[in-house]
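To begin, one chain is listed below as structure tokens, in the form predicted alone.
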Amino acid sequence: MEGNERKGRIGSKAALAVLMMMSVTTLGFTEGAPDATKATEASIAIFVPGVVSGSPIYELLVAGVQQAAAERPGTKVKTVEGGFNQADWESKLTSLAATGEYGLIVSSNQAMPAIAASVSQRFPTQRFLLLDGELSGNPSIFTLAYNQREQGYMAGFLAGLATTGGVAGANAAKKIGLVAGQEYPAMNGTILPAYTEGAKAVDPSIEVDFRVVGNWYDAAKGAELAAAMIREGVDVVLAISGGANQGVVQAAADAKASVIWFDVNGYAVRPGTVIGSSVLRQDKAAYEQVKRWLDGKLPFGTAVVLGVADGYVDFIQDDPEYIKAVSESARASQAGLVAGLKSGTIKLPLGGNPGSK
């Protein structure tokens, strides 16, 4: 798909000829400043490791890049979908870099830093902006990761409040679930432990049932897993399974159980069933970091991790469906957690234990 195709004006045919003679691998960079690239007539490729339609986190990625490009006349954007087969991503990214047409390739997935690092060995002048992943020290790559411990903890805290009576229909089992598309390092090492940690902060006796679809699209399998855990006492399910989330929601709606959404505002997906949304501000991150690149200020070779206090991770509390579904006392407890994370009085560093200042 083509994004913003507006072309900047070139003052004369002679100027155009000069531009055409420039190396396509260096076009858009300030010579001698590989760690602070500045675009002139910029061309950006968005590599989506999956598909855009139906993937809200990638829709936000594309929207953020296109917004930044629209504010800089002459900036071109092209979106390339990598599909669901992760084994194909490196070859497709390599093909994109090999064209030499794009000063910056933007992507978002925790697998992408390692893939981009491999590609950068063959194309060292290619620059990458990678969101939702972390890698430092590669002069071709800048990464911005989100504090998913905070995100998972907020989801788990609400799940704990819900299963202990914070929503109508909660049973006596004190059991919550998480349905994931696949197992991956951030899921096993950060999100699932943080989800469990947040729930147990409400009540240490809460149990967590974790199940895996095996892919990011099988809604029937998602429904099957969710229905099975609900039969076994789960009354709140965190859905992180891509297209399979639709099956999770349907199974929960059929059983009058609850679902918590991840990454984007999901209350409208199934009002009354989706009771919470812990979100990433992916569009904000994409917009701001592409703007930095266009201004020559993106510090390649570095990595940042941003969270609630930085405005990149949040929990949606003002949606009418949240207010209707969750009790006032539970909402007050959740608000206290979010406020503490925003102010810094509650800290959930990656790999650490929760604490207060």
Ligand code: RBF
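One rule holds for the numbers: they count along the sequence shown, beginning at 1. Since the model is a prediction, treat every value here as computed from it, not as a measurement.
The next section is about a form of this same protein that is not shown, the form predicted together with ligand RBF.
- Put simply, residue 267 is far from ligand RBF in the model of the complex: not one heavy atom of it is within 4.5 Å.
- At a distance threshold of 4.5 angstroms between non-hydrogen atoms, residue 123 is out of contact with ligand RBF in the model of the complex.
- In the model of the complex, at least one heavy atom of residue 262 sits within 4.5 Å of ligand RBF.
- A residue is said to contact a partner when one of its heavy atoms sits within 4.5 Å of a partner heavy atom; residue 240 meets this definition for ligand RBF in the model of the complex.
- Between the options 191, 129, 119, 202, the residue in contact with ligand RBF in the model of the complex by a heavy atom within 4.5 angstroms is 191.
- Only one of the listed residues (109, 277, 147, 273) places a non-hydrogen atom within 4.5 angstroms of ligand RBF in the model of the complex, and that residue is 109.
- Note on the interface: of 250 to 258, 80 to 88, 225 to 233, 194 to 202, the segment with non-hydrogen atoms within 4.5 angstroms of ligand RBF in the model of the complex is 80 to 88.
- Contacts with ligand RBF in the model of the complex, taken as any heavy atom within 4.5 Å, map within 52 to 70 to 55, 56, 57, 58.
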